[in-house]
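Only one chain is given next, in structure tokens, and it is the form predicted on its own.
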């Protein structure tokens, strides 16, 4: 079975444009990410349609609540048959462990990963919310907490992948948004890297949105990025 490294972010307000884009792509070349806006608008029905087309889904809802509530949410998400779900590492050890137990007890456990710091956050943003350690120190600490809690990996900036790969080992999954091909717009991302550089630094999967979804020919854009990273770990 192929293991596509690209996860295309379906950042759309409804099912019609999301399905239209998915029909122009291929499940052999990518997985798809459904986030809060799209899932809130469409619910599980869209996930079923996408999975019937052969796509594996990263359900990006970033659960962050008291341990029991988060565990029940993860249990419900796992029952949908998605490939990956996530929680916020800032929820703490008890929440992370509760989520891991809930997922592991499901009939078909998805990968469970934790968000460290959002890639839109600059050092000033992090300091403003009261975290005085450096971005790298904060991400490192949260990744260690996620690994100790039994999670499969974390969402992190590609800027931190080399550090986390050395810290957490080769089996720990590092999912990196903020990926922009050379010459692409940065949009609202503060910490970005090209696909080739991100994989070489240790990323497991690359979340890419607008460089593919807003391209005149999304399939061609996807093929071009896949050709650039072919043969990389």
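Positions refer to the first chain, counted from 1. Everything numeric in this text was worked out from a predicted model, so none of it was measured.
This protein has a second form, the form predicted in complex with a small molecule, left out of what is shown; the following refers to that one.
- Though the partner is left out of this view, residue 149 does not reach within 4.5 Å of the small molecule in the model of the complex, counting heavy atoms only.
- In the model of the complex, the small molecule sits beyond 4.5 Å of every heavy atom of residue 22.
- Within 4.5 Å of any heavy atom of the small molecule in the model of the complex lies no heavy atom of residue 202.
- Interface membership of residue 119, defined by any non-hydrogen atom within 4.5 Å of the small molecule in the model of the complex, is confirmed.
- Contact with the small molecule in the model of the complex, defined as a heavy atom within 4.5 Å, holds for exactly one of 174, 198, 30, 208, namely 208.
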